[in-house]
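The form predicted on its own is given below as one chain in structure tokens.
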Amino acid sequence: MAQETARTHGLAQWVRDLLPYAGLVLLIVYFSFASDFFFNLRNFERLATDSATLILVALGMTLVILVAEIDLSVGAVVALLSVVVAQAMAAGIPWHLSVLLILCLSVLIGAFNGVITVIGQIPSFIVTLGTMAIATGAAFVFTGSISVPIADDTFLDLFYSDTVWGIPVPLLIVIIAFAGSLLQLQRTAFGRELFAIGTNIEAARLSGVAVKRNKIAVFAIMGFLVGWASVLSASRLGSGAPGSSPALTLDAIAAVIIGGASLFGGKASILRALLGALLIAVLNNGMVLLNINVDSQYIVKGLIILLAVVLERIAAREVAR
């Protein structure tokens, strides 16, 4: 009986590890046959630029989940900051100062979430749920529920269609963020401390790890990446739209969980989170091309998240044994 249980757990771990790789390949193959518009260069170029926002948020969410926290506010904050950058440029502020403004605001919002969570000892899902409500309300109040158009062609071209060394700027930002996040987790003391905090917070504290400072820093980093995501979102849409990112939080969490992270902390991978984000991006792109309605898309993503979590818990029991 014990041997059979071990085999079940081993199979779950194998399927769990394979999920982001096999899932991505299977989706690409399926949509290539299901839609005449999927497998072409133009669609892949659009997919690469459109997925940049999700990837940036997923990278930040990886760090947050690694330390056993969660951020439910990211979608609402991206929408709010896209409104702010659009309104700033409409008020005559140069685009580069507008971008700097929302990057500062995004870091402050992230740090605020971290301070309230850590110093106030309030669960992060409650804190960020409150931030989500505030950001959502503020975005609609500031705009009167009407999108704010962006007329600055330099901003729109730079953060959507321009290239550097032949690489689209959104993709270049993603590459830099990915490389920085990967090096941070794998090559720095800060990264090792994050794994220690997520694995056993009391042991990390007793070992001299600055748990509070590191957790607040993680939320601030999350905010910084959300700021860049809002820049790319605004340039892609050509406006600041108060309801522009309704599914972004769910997609980011799904990407990280599909990538093998544990919601209980201590286990996460930047590379696998990237694959998870690409899987979700391909899924979104393919379902749009097939004219699958939004409600059905939520069902599919919810089922994928449940599958990934169930497999992770079954595999975790094997390790515990």
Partner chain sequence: MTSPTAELERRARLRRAMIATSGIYIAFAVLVVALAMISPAFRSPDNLVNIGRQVAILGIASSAMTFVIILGEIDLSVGAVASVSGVITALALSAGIGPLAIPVGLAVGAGFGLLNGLLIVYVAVPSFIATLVSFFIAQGLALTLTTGQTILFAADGFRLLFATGSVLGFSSAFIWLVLVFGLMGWLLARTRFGAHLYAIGGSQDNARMLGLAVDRMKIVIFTLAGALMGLVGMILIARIGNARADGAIGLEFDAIAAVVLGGTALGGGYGSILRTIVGVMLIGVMNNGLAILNVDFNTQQIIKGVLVIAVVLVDRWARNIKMN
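Computed from a predicted model, the values in this text were never measured in an experiment. Numbering follows the first chain given and starts at 1.
A second form of this protein, the form predicted together with its partner chain, is not displayed here; the remarks below concern that form.
Taking the partner from the other structure, its partner chain in the predicted bound form has a heavy atom within 4.5 Å of a heavy atom of residue 131.
At a distance threshold of 4.5 angstroms between non-hydrogen atoms, residue 172 is out of contact with its partner chain in the predicted bound form. Residue 163 falls outside the set of residues with a heavy atom inside 4.5 Å of its partner chain in the predicted bound form. Of the heavy atoms in residue 127, some are within 4.5 Å of its partner chain in the predicted bound form. With the partner left out here, its partner chain still marks one of 26-34, 52-60, 270-278, 288-296 in the predicted bound form; by a 4.5 Å heavy atom cut-off that stretch is 288-296.
Put simply, of 116, 107, 88, 177 only one has a heavy atom within 4.5 Å of its partner chain in the predicted bound form, and it is 116.
When its partner chain is considered in the predicted bound form, only one residue from 93, 167, 101, 141 comes within 4.5 Å through any heavy atom, namely 141. Although its partner chain is omitted here, in the predicted bound form none of 48, 232 and 283 has a heavy atom within 4.5 Å of it. Contacts to its partner chain in the predicted bound form (heavy atom within 4.5 Å) from stretch 154-179: none.
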